[in-house]
Ligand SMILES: Cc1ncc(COP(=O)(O)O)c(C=O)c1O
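Given as structure tokens, the chain that follows is alone and in the form predicted alone.
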């Protein structure tokens, strides 16, 4: 679909320069598209204008991180004011304390909190904390789940039918070439939402497990909420065996005012946060049980996990994040989730009218499309093979180049509070055109 004729001269020229200095011409592969990436010039609210002058509606919001869209005036003002005072110091700041107070008060599961610079770093530090606290080395995680780029956390992200092995004992499939065998040995992979198999795998490794890592609405697994009975069974098992239960809410903290975890009657021991709590700036946080968090405490006689970071809790991120989360109050959460519900309702009507086999999963202000006759419940049911990935790429290229709609590459949407009925109607109309155009291929592919 990349042969659709749009003005792209400036982007083409810029990519030629980029390839001269950056590997592959990019610093993050998520922005790469063939024959070249596109480059932003300005952005405001729900709209991004590229350097060739094309304006698009943004339903990706920088991979779910911009909860208030682009250039929110309150955040811009707060950050600009702080920049005049300094951007980072070898000192603490009052704003990091105020932001910590806000998040701890906001979620009753958070007794203590520490800030870092990304979701990946938050998950990494959280896993290391569980090892330091328990004295055990192994972790367990769901097959297909994305938890950032820490080598232990990324195991099984890209498992395929050729590599994933028996569902009774899924393989620990590495992402990067050269991943040490020891890393693979220390990650137990379990099938999401499969209670019997999961508990058997956990039981077989109970003496060595530091934690069970869960994303309550895993984007990569399929963006369906974790089954409550399944989660309760895991929680009960971890309590019995003194294994920590930790949540990755880097993406899902947007789902409710208190995060996706508030939808379940259990309390995780630790939670990793990121994305929306940064107000558009790099951020991560680890929050949870005070005793477990004490492994980071430099006042303790024995410091079990030294923890720092040059830009951790820098005042720019802290003031942007605090402003963003103050704006993301109960009413804002209710409004954004309602707008996503309206969008899903309209899209289901489009799917019915075009008559294509598509199912929609999601929670809160995020949702994902599946070319399926029934809703998937675990990674192997939602897995996108090469042919399906090609179809999704072609549809997303069409949406981007012809309909001026930006979506996430899994065929997903992550709303911001600036999305209104106007933008939802644009999305609905664009999807009607795309699904009509690609109907034969969708029908031939649907599982």
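Small disclaimer: the values here were computed from a predicted structure and weren't measured. Numbering follows the first chain given and starts at 1.
This protein has a second form, the form predicted in complex with the ligand, left out of what is shown; the following refers to that one.
- Contact with the ligand, judged by heavy atoms within 4.5 Å in the model of the complex, is confined among 320-328, 90-98, 118-126, 226-234 to 118-126.
- Note on contacts: among 187, 173, 209, 251, the single residue with a heavy atom within 4.5 Å of the ligand in the model of the complex is 251.
- Interface residue among 152, 146, 371, 192 relative to the ligand in the model of the complex, by the heavy atom within 4.5 Å criterion: 146.
- Proximity of residue 72 to the ligand in the model of the complex falls outside the 4.5 Å heavy atom cutoff.
- Though the partner is left out of this view, residue 114 does not reach within 4.5 Å of the ligand in the model of the complex, counting heavy atoms only.
- The shortest heavy atom separation between residue 215 and the ligand in the model of the complex is within 4.5 Å.
- Contact residues in stretch 271-290 (any heavy atom within 4.5 Å of the ligand, taken in the model of the complex) are limited to 275.
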